[in-house]
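Given as C-alpha coordinates, the chain that follows is alone and in the form predicted alone.
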Amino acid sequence: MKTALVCGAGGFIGGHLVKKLKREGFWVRGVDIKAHEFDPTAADEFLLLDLRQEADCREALTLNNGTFDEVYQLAADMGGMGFIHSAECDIMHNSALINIHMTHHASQLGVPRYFFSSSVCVYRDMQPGEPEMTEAEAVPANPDNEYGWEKLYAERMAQAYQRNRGMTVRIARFQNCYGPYGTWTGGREKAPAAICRKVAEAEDGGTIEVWGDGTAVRSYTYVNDMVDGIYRLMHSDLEGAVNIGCPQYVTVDELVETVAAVSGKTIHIKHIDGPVGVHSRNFSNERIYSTDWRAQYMLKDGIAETYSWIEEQVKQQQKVGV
(Lines give C-alpha, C1' and ligand atoms only; values in the text may rest on other atoms or scores of the structure.)
Protein backbone atom coordinates (compact mmCIF):
# COMPACT_ATOMS: atom_id res chain seq x y z
CA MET A 1 0.00 0.00 0.00
CA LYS A 2 1.36 3.43 -0.93
CA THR A 3 1.77 6.00 1.83
CA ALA A 4 1.03 9.73 1.79
CA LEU A 5 1.51 12.60 4.22
CA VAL A 6 -0.93 15.52 4.05
CA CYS A 7 0.28 18.64 5.85
CA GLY A 8 -2.61 20.98 6.61
CA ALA A 9 -5.01 18.02 6.92
CA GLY A 10 -7.00 19.93 9.55
CA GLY A 11 -7.83 22.57 6.97
CA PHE A 12 -10.41 22.82 4.22
CA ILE A 13 -8.59 21.57 1.11
CA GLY A 14 -6.33 19.26 3.12
CA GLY A 15 -9.32 17.53 4.69
CA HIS A 16 -10.87 16.87 1.30
CA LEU A 17 -7.51 15.73 -0.09
CA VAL A 18 -7.17 13.10 2.66
CA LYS A 19 -10.50 11.62 1.56
CA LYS A 20 -9.39 11.62 -2.08
CA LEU A 21 -6.17 9.79 -1.26
CA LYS A 22 -8.04 7.23 0.83
CA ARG A 23 -10.35 6.57 -2.12
CA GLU A 24 -7.25 6.03 -4.26
CA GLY A 25 -6.01 3.33 -1.86
CA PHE A 26 -3.33 5.21 0.11
CA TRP A 27 -2.43 4.86 3.78
CA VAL A 28 -2.60 8.50 4.91
CA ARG A 29 -1.10 10.42 7.79
CA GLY A 30 -2.63 13.83 8.37
CA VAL A 31 -0.77 16.58 10.23
CA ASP A 32 -1.91 19.98 11.41
CA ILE A 33 -1.66 22.38 14.33
CA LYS A 34 -5.37 21.76 14.95
CA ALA A 35 -7.97 19.11 14.26
CA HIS A 36 -10.48 19.70 11.47
CA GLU A 37 -13.20 21.99 12.79
CA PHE A 38 -16.11 20.57 10.82
CA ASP A 39 -15.32 17.07 9.59
CA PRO A 40 -13.71 14.13 11.43
CA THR A 41 -10.47 13.21 9.71
CA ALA A 42 -10.48 10.28 7.31
CA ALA A 43 -6.73 9.84 7.79
CA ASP A 44 -5.38 6.56 9.10
CA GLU A 45 -3.29 8.58 11.55
CA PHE A 46 -3.55 12.25 12.58
CA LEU A 47 -0.78 14.09 14.42
CA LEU A 48 -1.13 17.47 16.10
CA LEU A 49 2.14 19.19 15.23
CA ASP A 50 3.38 22.75 14.73
CA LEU A 51 5.16 22.69 11.38
CA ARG A 52 6.83 26.02 12.10
CA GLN A 53 9.06 23.94 14.36
CA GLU A 54 11.87 22.02 12.67
CA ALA A 55 11.59 19.02 15.02
CA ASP A 56 7.85 18.73 14.34
CA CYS A 57 8.50 18.69 10.58
CA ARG A 58 10.91 15.78 10.99
CA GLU A 59 8.40 13.95 13.16
CA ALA A 60 5.66 14.47 10.58
CA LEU A 61 7.88 13.11 7.80
CA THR A 62 9.25 10.11 9.72
CA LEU A 63 7.74 6.66 9.22
CA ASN A 64 8.81 3.66 11.29
CA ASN A 65 9.09 1.44 8.23
CA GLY A 66 10.61 3.87 5.75
CA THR A 67 9.81 7.03 3.79
CA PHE A 68 6.47 8.37 2.58
CA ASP A 69 5.84 7.73 -1.10
CA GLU A 70 4.18 11.13 -1.47
CA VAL A 71 4.10 14.32 0.63
CA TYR A 72 1.44 16.98 0.08
CA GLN A 73 2.39 20.32 1.68
CA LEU A 74 -0.76 22.44 2.09
CA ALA A 75 -0.06 23.82 5.58
CA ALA A 76 -0.05 27.64 5.68
CA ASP A 77 -1.19 30.63 7.69
CA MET A 78 -3.92 32.02 5.48
CA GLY A 79 -7.52 33.10 5.09
CA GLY A 80 -9.73 35.38 3.04
CA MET A 81 -8.91 38.84 1.73
CA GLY A 82 -9.50 40.54 5.08
CA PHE A 83 -7.03 38.27 6.83
CA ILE A 84 -4.44 38.46 4.05
CA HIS A 85 -4.37 42.25 4.29
CA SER A 86 -4.38 42.44 8.11
CA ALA A 87 -1.92 39.68 9.05
CA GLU A 88 1.00 40.22 6.69
CA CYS A 89 3.74 39.57 9.26
CA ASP A 90 2.14 36.35 10.55
CA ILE A 91 1.65 35.09 6.99
CA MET A 92 5.23 35.81 5.93
CA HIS A 93 6.80 34.48 9.14
CA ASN A 94 4.71 31.37 9.76
CA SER A 95 4.31 30.11 6.22
CA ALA A 96 7.96 30.72 5.35
CA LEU A 97 9.10 28.69 8.36
CA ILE A 98 6.76 25.83 7.46
CA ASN A 99 7.95 25.67 3.87
CA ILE A 100 11.66 26.06 4.65
CA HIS A 101 11.61 23.20 7.15
CA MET A 102 9.25 20.90 5.23
CA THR A 103 11.04 21.18 1.89
CA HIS A 104 14.47 20.70 3.43
CA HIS A 105 13.62 17.73 5.62
CA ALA A 106 11.50 16.00 2.96
CA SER A 107 14.59 16.09 0.75
CA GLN A 108 16.92 14.96 3.53
CA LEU A 109 14.70 11.99 4.37
CA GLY A 110 14.50 10.89 0.74
CA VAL A 111 10.86 11.67 -0.08
CA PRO A 112 10.54 10.83 -3.79
CA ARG A 113 7.53 13.03 -4.68
CA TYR A 114 6.66 16.34 -3.03
CA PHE A 115 3.63 18.55 -3.73
CA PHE A 116 3.50 22.25 -2.85
CA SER A 117 0.26 24.24 -2.82
CA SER A 118 0.86 27.71 -4.21
CA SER A 119 -1.68 30.35 -5.24
CA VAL A 120 -2.65 32.63 -8.10
CA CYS A 121 -1.84 35.41 -5.63
CA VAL A 122 1.69 35.18 -7.08
CA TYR A 123 0.46 37.06 -10.17
CA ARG A 124 0.24 40.80 -10.66
CA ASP A 125 -2.97 42.81 -10.73
CA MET A 126 -4.87 42.38 -13.99
CA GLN A 127 -7.61 44.35 -15.70
CA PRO A 128 -10.87 42.81 -16.94
CA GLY A 129 -10.52 41.55 -20.49
CA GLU A 130 -6.75 41.02 -20.46
CA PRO A 131 -5.53 37.90 -22.29
CA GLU A 132 -5.05 34.77 -20.23
CA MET A 133 -1.80 34.74 -18.26
CA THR A 134 0.41 31.66 -18.38
CA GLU A 135 2.40 30.31 -15.44
CA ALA A 136 5.66 31.68 -16.83
CA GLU A 137 4.25 35.22 -16.82
CA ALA A 138 4.32 35.39 -13.01
CA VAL A 139 7.93 36.57 -13.48
CA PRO A 140 8.95 39.45 -13.48
CA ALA A 141 7.00 39.30 -10.23
CA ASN A 142 4.67 41.87 -8.73
CA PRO A 143 2.15 40.08 -6.45
CA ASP A 144 -0.63 42.19 -4.99
CA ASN A 145 -0.01 40.99 -1.42
CA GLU A 146 2.61 39.46 0.88
CA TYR A 147 0.84 36.09 0.82
CA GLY A 148 1.66 35.92 -2.89
CA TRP A 149 5.29 36.92 -2.34
CA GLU A 150 5.79 34.16 0.24
CA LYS A 151 4.19 31.60 -2.07
CA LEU A 152 6.46 32.63 -4.93
CA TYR A 153 9.55 32.28 -2.76
CA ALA A 154 8.41 28.84 -1.55
CA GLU A 155 7.89 27.76 -5.18
CA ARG A 156 11.44 28.80 -6.03
CA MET A 157 12.84 26.97 -3.02
CA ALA A 158 11.00 23.74 -3.88
CA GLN A 159 12.27 23.93 -7.46
CA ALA A 160 15.82 24.50 -6.22
CA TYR A 161 15.60 21.33 -4.14
CA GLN A 162 14.34 19.44 -7.18
CA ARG A 163 17.29 20.64 -9.28
CA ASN A 164 19.95 20.09 -6.64
CA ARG A 165 18.70 17.26 -4.41
CA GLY A 166 16.79 15.05 -6.84
CA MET A 167 13.36 15.27 -5.16
CA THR A 168 10.50 15.30 -7.68
CA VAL A 169 8.39 18.40 -7.01
CA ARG A 170 4.94 19.32 -8.27
CA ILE A 171 3.50 22.82 -7.75
CA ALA A 172 -0.13 23.91 -8.13
CA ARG A 173 -1.36 27.49 -8.14
CA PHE A 174 -4.87 27.36 -6.68
CA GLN A 175 -7.67 29.64 -7.85
CA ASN A 176 -10.15 30.56 -5.08
CA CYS A 177 -11.22 27.15 -3.83
CA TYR A 178 -14.62 26.80 -2.12
CA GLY A 179 -17.03 24.13 -0.94
CA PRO A 180 -18.52 22.56 2.20
CA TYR A 181 -16.54 21.83 5.38
CA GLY A 182 -14.52 25.03 5.18
CA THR A 183 -14.22 28.15 7.33
CA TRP A 184 -17.43 30.14 6.92
CA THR A 185 -17.28 32.74 9.71
CA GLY A 186 -14.83 34.44 12.06
CA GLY A 187 -12.75 36.54 9.67
CA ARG A 188 -10.68 33.95 7.80
CA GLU A 189 -13.42 32.78 5.45
CA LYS A 190 -13.11 33.42 1.72
CA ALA A 191 -15.60 35.26 -0.45
CA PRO A 192 -17.92 32.36 -1.49
CA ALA A 193 -18.29 31.18 2.12
CA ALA A 194 -18.75 34.73 3.41
CA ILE A 195 -21.44 35.50 0.83
CA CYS A 196 -23.22 32.20 1.51
CA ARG A 197 -23.24 32.99 5.24
CA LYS A 198 -24.54 36.52 4.74
CA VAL A 199 -27.32 35.35 2.43
CA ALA A 200 -28.25 32.51 4.79
CA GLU A 201 -28.51 35.00 7.66
CA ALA A 202 -30.51 37.55 5.66
CA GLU A 203 -34.28 37.71 5.35
CA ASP A 204 -35.89 37.35 1.94
CA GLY A 205 -35.70 40.85 0.45
CA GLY A 206 -32.87 41.81 2.79
CA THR A 207 -29.58 43.55 2.14
CA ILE A 208 -26.03 42.28 2.60
CA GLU A 209 -22.80 44.26 2.69
CA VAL A 210 -20.08 43.56 0.12
CA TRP A 211 -16.56 45.02 0.11
CA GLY A 212 -15.72 47.17 -2.91
CA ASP A 213 -17.90 48.12 -5.85
CA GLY A 214 -18.70 44.54 -6.86
CA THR A 215 -16.88 44.65 -10.21
CA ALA A 216 -13.75 42.67 -9.27
CA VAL A 217 -13.49 39.53 -11.44
CA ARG A 218 -12.62 36.09 -10.09
CA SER A 219 -12.73 32.38 -10.90
CA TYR A 220 -13.99 30.07 -8.14
CA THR A 221 -12.94 26.41 -8.12
CA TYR A 222 -15.04 23.79 -6.36
CA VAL A 223 -13.08 21.69 -3.88
CA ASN A 224 -13.81 18.32 -5.54
CA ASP A 225 -12.33 19.65 -8.77
CA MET A 226 -9.35 21.05 -6.89
CA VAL A 227 -8.37 17.81 -5.17
CA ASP A 228 -8.80 15.91 -8.43
CA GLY A 229 -6.43 18.40 -10.07
CA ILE A 230 -3.92 18.01 -7.24
CA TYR A 231 -3.93 14.24 -7.60
CA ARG A 232 -3.58 14.31 -11.38
CA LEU A 233 -0.77 16.86 -11.21
CA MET A 234 1.13 14.88 -8.57
CA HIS A 235 1.14 11.83 -10.85
CA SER A 236 1.95 13.73 -14.04
CA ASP A 237 5.28 14.70 -15.59
CA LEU A 238 4.51 18.45 -15.42
CA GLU A 239 7.41 20.35 -13.89
CA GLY A 240 7.13 23.93 -12.65
CA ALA A 241 4.02 25.73 -11.48
CA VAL A 242 0.61 24.71 -12.85
CA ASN A 243 -2.62 26.72 -12.59
CA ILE A 244 -5.69 24.82 -11.39
CA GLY A 245 -8.94 26.73 -11.79
CA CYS A 246 -12.43 26.81 -13.19
CA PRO A 247 -12.60 28.66 -16.54
CA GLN A 248 -15.80 30.48 -15.52
CA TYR A 249 -15.10 34.09 -14.49
CA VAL A 250 -17.63 36.25 -12.65
CA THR A 251 -17.76 39.57 -10.82
CA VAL A 252 -18.30 39.70 -7.08
CA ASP A 253 -21.84 40.98 -7.68
CA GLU A 254 -22.47 37.99 -9.96
CA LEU A 255 -21.24 35.71 -7.19
CA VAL A 256 -23.83 37.28 -4.88
CA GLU A 257 -26.54 36.87 -7.51
CA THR A 258 -25.64 33.19 -7.89
CA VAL A 259 -25.83 32.58 -4.13
CA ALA A 260 -29.15 34.45 -3.94
CA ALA A 261 -30.59 32.37 -6.79
CA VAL A 262 -29.55 29.13 -5.09
CA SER A 263 -31.07 30.31 -1.79
CA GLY A 264 -34.36 31.28 -3.41
CA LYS A 265 -34.18 34.72 -1.79
CA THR A 266 -34.25 38.22 -3.19
CA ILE A 267 -31.07 39.89 -1.93
CA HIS A 268 -29.96 43.50 -2.26
CA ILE A 269 -26.31 44.58 -2.15
CA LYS A 270 -24.78 47.46 -0.20
CA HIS A 271 -21.21 48.16 -1.31
CA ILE A 272 -18.87 49.28 1.46
CA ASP A 273 -15.17 50.04 1.82
CA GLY A 274 -12.96 47.03 2.46
CA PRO A 275 -10.01 45.07 1.06
CA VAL A 276 -10.77 43.77 -2.43
CA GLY A 277 -7.42 42.71 -3.88
CA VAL A 278 -6.74 42.73 -7.60
CA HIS A 279 -9.21 44.05 -10.15
CA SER A 280 -9.25 40.87 -12.20
CA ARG A 281 -7.66 37.47 -12.73
CA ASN A 282 -7.62 35.50 -15.96
CA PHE A 283 -5.27 32.54 -16.18
CA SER A 284 -4.50 29.81 -18.68
CA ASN A 285 -5.32 26.27 -17.55
CA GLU A 286 -3.73 24.63 -20.59
CA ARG A 287 -1.01 22.90 -18.58
CA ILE A 288 -3.41 21.13 -16.18
CA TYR A 289 -5.68 20.30 -19.14
CA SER A 290 -2.82 18.18 -20.50
CA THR A 291 -3.51 15.72 -17.63
CA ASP A 292 -7.12 15.33 -18.89
CA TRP A 293 -8.37 17.38 -15.94
CA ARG A 294 -11.39 19.60 -16.47
CA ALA A 295 -13.54 21.46 -13.95
CA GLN A 296 -16.74 19.48 -13.46
CA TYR A 297 -18.51 22.11 -11.35
CA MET A 298 -19.55 25.46 -12.71
CA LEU A 299 -20.26 28.14 -10.10
CA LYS A 300 -23.98 27.51 -9.62
CA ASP A 301 -23.43 23.76 -9.14
CA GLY A 302 -20.70 24.26 -6.56
CA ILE A 303 -22.56 27.03 -4.74
CA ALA A 304 -25.61 24.76 -4.46
CA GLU A 305 -23.49 22.25 -2.52
CA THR A 306 -21.75 24.93 -0.46
CA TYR A 307 -24.79 27.03 0.39
CA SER A 308 -26.82 24.12 1.73
CA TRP A 309 -23.99 23.19 4.11
CA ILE A 310 -23.40 26.77 5.31
CA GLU A 311 -27.13 27.39 5.69
CA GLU A 312 -27.27 24.40 8.05
CA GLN A 313 -24.32 25.77 10.05
CA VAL A 314 -26.11 29.13 10.38
CA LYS A 315 -29.30 27.45 11.57
CA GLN A 316 -27.41 25.41 14.17
CA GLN A 317 -25.64 28.54 15.39
CA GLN A 318 -28.93 30.41 15.69
CA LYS A 319 -30.45 27.55 17.66
CA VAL A 320 -27.82 27.77 20.36
CA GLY A 321 -27.97 31.55 20.34
CA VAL A 322 -24.32 32.13 19.48
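One rule holds for the numbers: they count along the sequence shown, beginning at 1. Predicted model, so just to flag it, every value in this text is computed and none were measured.
In what follows, reference is made to the form predicted together with a small molecule, a form of this protein that is not presented.
Asker: Quick one: find which of 286 to 294, 256 to 264, 271 to 279, 31 to 39 has residues within 4.5 Å of the small molecule in the model of the complex by heavy atom distance.
Answerer: Heavy atoms within 4.5 Å of the small molecule in the model of the complex occur in 31 to 39.
Asker: Is every one of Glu88, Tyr123 and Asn243 within 4.5 Å of the small molecule in the model of the complex, counting heavy atoms?
Answerer: Negative, none of the three is within 4.5 Å.
Asker: Looking at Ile195, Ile98, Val227, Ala154 here, can you tell me which has any non-hydrogen atom within 4.5 angstroms of the small molecule in the model of the complex?
Answerer: Only one listed residue qualifies here, and that residue is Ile98.
Asker: May I ask you to choose, among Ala138, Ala76, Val199, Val169, the residue with a heavy atom within 4.5 Å of the small molecule in the model of the complex?
Answerer: Partner contact (heavy atom, 4.5 Å) among the options: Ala76.
Asker: Does the 4.5 Å heavy atom contact test between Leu51 and the small molecule in the model of the complex come out positive?
Answerer: Yes - in the model of the complex, heavy atoms of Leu51 and the small molecule come within 4.5 Å of each other.
Asker: Indicate whether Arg218 is a 4.5 Å heavy atom neighbour of the small molecule in the model of the complex.
Answerer: Result no; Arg218 lies far from the small molecule in the model of the complex.
Asker: Does at least one non-hydrogen atom of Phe12 fall within 4.5 angstroms of the small molecule in the model of the complex?
Answerer: Residue-level check for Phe12: yes, a contact with the small molecule.
Asker: Consider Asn176 of the chain shown here, and say whether it contacts the small molecule in the model of the complex, taking contact as heavy atoms within 4.5 Å.
Answerer: The answer is yes: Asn176 has a heavy atom within 4.5 Å of the small molecule.
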